[in-house]
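In the structure tokens that follow, a single protein chain appears in two forms: structure 1, then structure 2.
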Structure 1
Amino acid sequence: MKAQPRGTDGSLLASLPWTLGALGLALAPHLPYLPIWITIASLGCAAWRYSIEKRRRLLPSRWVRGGLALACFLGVLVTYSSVSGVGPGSALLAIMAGLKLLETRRRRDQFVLLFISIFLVMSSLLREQYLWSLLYLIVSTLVILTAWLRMSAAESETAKQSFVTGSRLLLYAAPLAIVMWVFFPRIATPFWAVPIDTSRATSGLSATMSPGDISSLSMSNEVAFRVRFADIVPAPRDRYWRGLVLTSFNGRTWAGTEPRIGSPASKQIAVRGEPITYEVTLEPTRQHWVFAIDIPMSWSLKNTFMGPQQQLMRVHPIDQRVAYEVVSYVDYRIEAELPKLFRDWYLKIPDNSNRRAAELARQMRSATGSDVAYIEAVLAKFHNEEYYYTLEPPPLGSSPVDRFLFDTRRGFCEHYASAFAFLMRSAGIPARIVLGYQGGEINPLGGHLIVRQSDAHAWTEVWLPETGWYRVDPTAAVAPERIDYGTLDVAFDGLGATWGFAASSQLLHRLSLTLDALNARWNDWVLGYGPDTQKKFMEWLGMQNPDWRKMMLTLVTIVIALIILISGLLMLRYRKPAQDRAAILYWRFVKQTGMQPHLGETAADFARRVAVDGTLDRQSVNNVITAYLDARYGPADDASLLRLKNAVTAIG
């Protein structure tokens, strides 16, 4: 292979900044997810390439480029210990796009770069699919298109003209994209699986709970899920979103190991009162738990079962946003009968830790007459004595319950739930801890309920022979406002104060609610457009029994129709400047003569040639030509046009 010349002549100088800009825009959404050295290396390549063009230096030799490529490949391999998957894949794509700049010598190479940019823009959707991702997508595609047009543009074309052309092209493509998106058949189980980047798992609930290990609860405002109620909206104190249940305690940590039960968990529930129907749109958690208001009786999510402690779980983790309908009852009874085996399980506490708390429990139980009175007494202790609700409690060490109950007396829901459950078990009352969310905020703009990560909550359930499993929330005894109002206002005030504009925190809150409403719509209508929604939509459009064949057929038909329509419009737009009628008549005459005018032959010269040829009458040819010259090149005048028409017709 012959080595190509490495010199540059500065001819790319005009279009290179556009290409670099397009590439930069395409890369930007990936960079926060990629190791920092990739950003630096890509920027370095871009700056290097630009200076080469500017100063008309030589491009690096093949050996240098090869060496760099190998080094970057190894770098990615070392960073990720893999080269497949979204993370390493986009890292490789990003760094190789940067390196490609170093061998960009001609226009063709720039086209390749722009292709890569488009691919990068699309692949950024594997990471984020927010509403603004779409806006960003449109903007960056527009810039790439403009860069493309800059490259093939005539020198006289301004950047603005290219941009306008690019926008127009995008506009022409928009109906096609929308139709394809609407009609392309969605298949229930996708046969292509998108490898999700797991490097930034969303924070959510963890499978275990160790009060005192974490000394500060993150007040993440990230949305956990959104809920749209069909009719009844339960009061804040009834909005206990059941997640997982923790049953075993080793002195420090509550974990979710559970005893198996013979009969289905749902069979043990008795409900009363009005059902609450609602739809939950759950953000991906990469965990199995499915959240619903205590206590769910039926749900629409597939492959989801009720666990032995009435928690809902899906067989495979929730990797993508899911929407499901649930029917719940807030008035319920669970497991009136608890066999001895399970009773013992729910009473188990480690012997060698938290002795003071166990002793306290025994004393209090003997002082009170019944289990119910004992529960009341413990709650009263939390309420009346010096116990505080705080999000930044001190760490607790090896006997967390003792230390919390007697020394620190500060904590959030986990501390109270853990201490309460321990006190219950020590006194012989079966108890377990439920993790989930509590409360949520109604977005007045969207009409839906937003439950955020900061609404995460832990509470307890105790089993009494008379009532079965019965929810007791010790946090409510300490900080009733946490349960009745939620904590969000506090959180937002804090945020506003930190940024130094406490006064406008209300405005900020409104803005955030507006954004949330928009996002909810986006999730419902765009991201949530799955097989079921599509089917419903097709039926609404009037398609009988929609299946993928019909949708495909409709899609192809509409796409073809659109292409014809759009190209028709384009043809109308770009049709040759309307030829005047004189020219049309002249070409009719030319056809009649059976001869072709040469390039650059005037009508008069052509007529002379035709006259010499002799098949047509010399006089009538003359008439045509004089009339044509008058009509076409003389002052606009209908009479000469008529003369021309008559003359041409006379020949035909």
Structure 2
Amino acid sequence: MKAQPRGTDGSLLASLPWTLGALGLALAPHLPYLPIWITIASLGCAAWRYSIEKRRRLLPSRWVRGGLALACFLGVLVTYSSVSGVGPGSALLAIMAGLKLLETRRRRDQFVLLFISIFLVMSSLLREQYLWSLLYLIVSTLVILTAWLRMSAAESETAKQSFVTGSRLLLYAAPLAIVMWVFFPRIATPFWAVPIDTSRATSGLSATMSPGDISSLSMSNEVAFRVRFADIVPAPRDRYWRGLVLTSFNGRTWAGTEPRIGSPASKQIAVRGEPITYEVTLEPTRQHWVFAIDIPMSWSLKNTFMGPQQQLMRVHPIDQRVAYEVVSYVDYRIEAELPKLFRDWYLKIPDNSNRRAAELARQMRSATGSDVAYIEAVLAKFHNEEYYYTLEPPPLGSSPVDRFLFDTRRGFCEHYASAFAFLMRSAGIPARIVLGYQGGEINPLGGHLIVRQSDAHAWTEVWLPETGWYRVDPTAAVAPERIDYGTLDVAFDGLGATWGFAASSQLLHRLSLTLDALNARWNDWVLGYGPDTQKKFMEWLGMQNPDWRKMMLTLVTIVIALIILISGLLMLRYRKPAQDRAAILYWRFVKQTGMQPHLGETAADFARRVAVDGTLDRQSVNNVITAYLDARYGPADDASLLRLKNAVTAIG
């Protein structure tokens, strides 16, 4: 087999920067998730290829390219332990695009790279589908189209002209894309249901709790979920979003057993008062917990059940944005009767751990007359003594409850919840810890509630024979403002200085609320455009009982109409210019001569050739040509056209 030439002649030097720019833009959203070695390798391949083209050097040999491809494939396999999935697949595509540069000799190879760029742009949607993604899609596609046009552009065509042509092509395609998006029948599990892979550590609450865990979340302003209430909006102190329940304690860490399906869980709940109906849009967590206001009684999310501690749990991890409706009650009673087996479980504490705290609990319980009085005494201790609420508590060591109660006295919600639950169990009162979120901020622009990671919270539940399980939040005894107002002030205090702006934090906060409202609408109208939403929209358009047949017929009809319309516009734009009256009269003269002008032959040269032929009178031919030149290139007037018409008529 004949070896392919490896040299370059610089013919790609004009179009190669555009190809590199398009490829770089396509890779941009993947960079935060790619291993650093892939980023460095891709940049190195791009710089190497440009240097080769600029200096007219040889491309790497086939053996070198093959060795690099094998090494990079093995590198991806070792890094991810797989080559399938969003993360490994994107990494492999990115590094292979870089290696493809090293065998790019002709424009055909550049076309392949632009195809890869389109795949990289589209695969970014498997990680993020935020509002800014639409702008990125438009800009990146436009740059790729411009790069494509630059490879076949004439030397006289500027980059601006190629950009305008690419923009026009996108405008022609936009109506077709919108119509197909609106009318193509939606299915229950859309293409957007591909699991969103962030290739990052799981955000949100974990299945265990040690003092200090939630404080890291409290520094995060990420949205955990958004809520739209049907009518009643509960007060901030009633917005406890129940997540998971922790029941076992090893002296330092609280953990929960895996929830199991059990019908008694919901039957143990007695509710009172008015229900609260709302819809939750939960961001991907890659976890099983489903959050709802304490306490949920009905929910719409499929494959979701209530665990034995009244927590909602989904069978499959939440690896995509989900929306579900819930009906909750803030006035309730749980499990009036507690069997001895479960009572012993909720009283269990490790032997010989946190001895000072255990002794304190026994002393305080003996000094009070009842369990209720003891609970109030512990809360009063937190409130009256020098205990402080802080997001940056000191480390606690091996006996965290002892050190927190007697030494540091500074902590976050999990410090108080852990210490309170331990004191309850040490005094013979069943207790457990609930992890979730508390509070949330109403966005006045969107009319929805925003619950952020900074709203992550831990509280306790204790069981008493008279009341069953009921909530006791020891954080409220230390920092009632945390419960009444949430973490808004903490989250945004000094925000402008943190970002390096002189603008006030409130101004930046209002800007963030505006962006959040736009993102919420994007979620509702675009990402949430499923079968139910499509059906409602079709009915709003006047389509009665819309089914897939009607929508497909409508889609095909509108697409055909748009294609005809766009084709007509293109025909009008690129139609042959109409001849002027002087040109029409000239071609009538040419027909009379019985001869045909040569390619590029002027009217004067043609007239001389006709005169030499002798078929027509020389003076008559000169009259026609003189009149034609005056009418075509002289001042526009009717007199010159009349002279030309008379001269042509005189010959006929």
Partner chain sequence: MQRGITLEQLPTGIDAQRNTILQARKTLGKIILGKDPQIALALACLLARGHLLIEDLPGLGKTMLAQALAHTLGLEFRRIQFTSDLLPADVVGVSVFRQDSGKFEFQPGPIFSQLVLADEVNRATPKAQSALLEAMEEHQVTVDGNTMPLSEPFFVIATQNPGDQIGTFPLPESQLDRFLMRVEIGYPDEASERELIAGGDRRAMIAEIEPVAGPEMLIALQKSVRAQHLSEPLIDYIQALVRHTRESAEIDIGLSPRGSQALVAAARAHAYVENHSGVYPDDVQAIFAAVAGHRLKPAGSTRFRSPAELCQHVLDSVAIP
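Superpose the two forms; the largest set of C-alphas matching within 1.5 Å is the rigid core. On a predicted model such as this, the values are computed, not experimentally measured, just so you know. Counting starts at 1 with the first residue of structure 1 and goes up one by one along its sequence.
Each of the two structures shows the same chain on its own, and it is structure 1 that derives from the form predicted in complex with the partner chain.
The Cα shift for residue 322 between the two structures, taken after rigid core superposition, is smaller than 2 angstroms. The rigid-core alignment places the CA of residue 401 less than 2 Å apart between the two structures. With the core superposed, residue 546 shows a C-alpha displacement of at least 2 Å between the two structures.
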